[in-house]
Each structure stands twice: as structure tokens, then as C-alpha cells.
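Okay, so here's just one chain, in C-alpha cells, the form predicted on its own.
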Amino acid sequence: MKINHIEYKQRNMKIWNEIAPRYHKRWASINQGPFQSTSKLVELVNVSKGNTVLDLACGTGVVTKKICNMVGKSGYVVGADTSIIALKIAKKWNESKSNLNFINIDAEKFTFSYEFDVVTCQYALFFFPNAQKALKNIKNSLKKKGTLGISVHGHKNKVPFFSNISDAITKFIPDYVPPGSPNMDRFGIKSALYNEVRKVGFSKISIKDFTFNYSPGKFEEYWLNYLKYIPKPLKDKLQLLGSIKRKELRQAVKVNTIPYTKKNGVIVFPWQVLILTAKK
């Protein structure tokens, strides 16, 4: 049975509330892997002093923090997310400032009484079941000639950190990701991302691609961290496999990592990131 958009959002929110602290510690708070792109995104949208900026789906506030440092006291920044736990971390991690506010909103259901110079959205567009609604809301929230900046992971073939495991695990657990869930790499190709944004009426669309390296250590560390950091619903599905199947799955993932494993046993993955900028 396919999951509907409401169920998907509820499930996703529950998962993010669970993993937000681990996500922040392991990924967001350090400038490694895909988060090397944070500075690139802020640079490409050309945030300036005095700007008003909305960081949509801000998570634990990584992009928000960089933007806030750039707009200065004369600027204003809003970080917005659906996860209450992520917002709590963002508030704690970002210093309290009079020109910074965090709010709980759904990207597909929001309006503001004022307009922004810039709207950023890092690693979230692919989570929105109706990306068109979110993009229309973004466009309506921008000033005339305002700037949009979006970061997404590349196609799964260009992000083996994820695909090495997902390609193997879906052979053992076909419904590992509930049927009907948005495809996480559906904007991982330039043309797909471009067309989605163009449909809403944005202009001067530019997409740059970057490939960063990320090492999760040797295979055992990569595998154990996967088991440690995945959310409970997925852990439960893995437990149902049984010990023999879990060993087979582990071996299948290990085989997938061979092309990225150095002679010393350390895995080094390439990680493609697409960054789109556009004008209202």
C-alpha cells in the first residue's frame, strides 16, 4: 500500500525529530562531506549586509548561522523548519540575536506579510512531496528580483555513500522506503532541477555542480555508523531480516564499497552536490 503525502510528512517529521541531534553532531556542525557546500551556497546567493533572508528547511541552523554572520546587525534572518527538535538545536547553536528568528512551518503551507531579499534551502527540496507548492511559496516570499539558492545531492550514482547501502538493502527489504515516498534523488540531475524551478517562473537559473570527497573510515566503521545513526523504523525493519540475512546484506554493501576503498582499507567516496541560483 502506497503512503500518502500526509502520512509521509508525519513519518518524516517523527524521524527528523528523532535523528536531529545525531545529524547535527555527525554532519551539520562540521565542514565535511556534503556540508562543504554550505559556504558555496551562501557565496553564490551573494548575501550582503542589510539583507533579509529566509533559510527554509533550516534544520539545525548551519546555513542560517553563516547567513546571520553576513547580513550584520542591519539585516534580518528567519530559519524555518518542520522539526521542533531541529529548531531547538538551531536556537541553541546560533547565538541569540535580535535580528534572528526561528519558526516552525511547513514548506508547502506558508506565507509571510513581508518579503525577503534571499531564500535559501539546503538539502530539503527532494523531501517535499509537492515541490511546486514549496517553490511557489518561496517565489511569493521574495522581493522583486530576489534571489533563490537551493542545494541538492547529486544523482544516487554520484553519491555512493548513500547508494552503496540503499542499492543493497532494497534487494533484501523492498519496502525499506515506503512505496509512494518522494524519490530522494529526483532533482539530482541538472535538467530535472532546472525544469522544476523554471515551471514556477523563476529566471536567470544557474546550476553549478561540485564534487567533494568524504571518508567514513574503513568498512567496519562505515557499516557500524549506518546501524547506529538510522532512525528506529528502519532499524526495526533490519531486525526482522534475521542474523543470516543481515550478514548477507553486510557483505553485499561491502562489495559495493570496493571501487572506493584504498589500499589501506579506508573508503573515500565522491559526493556530488548541485547548487541552483535563480531570480524572481
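No experiment lies behind these values; they were computed from the predicted model shown. All residue numbers are counted from 1 along the displayed sequence.
If you look for the form predicted in complex with a small molecule, you will not find it shown, but the lines that follow are about it.
Peer 1: Would you mind picking the one in A107, V200, V78, L142 that has a heavy atom within 4.5 Å of the small molecule in the predicted bound form?
Peer 2: Looking at the other structure, the residue within range turns out to be A107.
Peer 1: Verify the contact flag for T257: yes if a non-hydrogen atom of it lies within 4.5 Å of a non-hydrogen atom of the small molecule in the predicted bound form, no if not.
Peer 2: No, T257 sits far enough from the small molecule in the predicted bound form that none of its heavy atoms falls within 4.5 Å.
Peer 1: Evaluate Q122 for contact with the small molecule in the predicted bound form, applying a 4.5 angstroms cut-off between non-hydrogen atoms, and reply yes or no.
Peer 2: Q122 belongs to the contact set for the small molecule.
Peer 1: Is the gap between N94 and the small molecule in the predicted bound form 4.5 Å or less for some heavy atom pair?
Peer 2: N94 lies outside the contact set for the small molecule.
Peer 1: Might C58 be said to contact the small molecule in the predicted bound form, defining contact as any heavy atom within 4.5 Å?
Peer 2: Taking the distances in the predicted bound form, the answer for C58 is yes, it comes within 4.5 Å of the small molecule.
Peer 1: Can you say which of 50-58, 226-234, 208-216, 241-249 gets within 4.5 Å of the small molecule in the predicted bound form, counting heavy atoms only?
Peer 2: Partner-contacting stretch among the options: 50-58.
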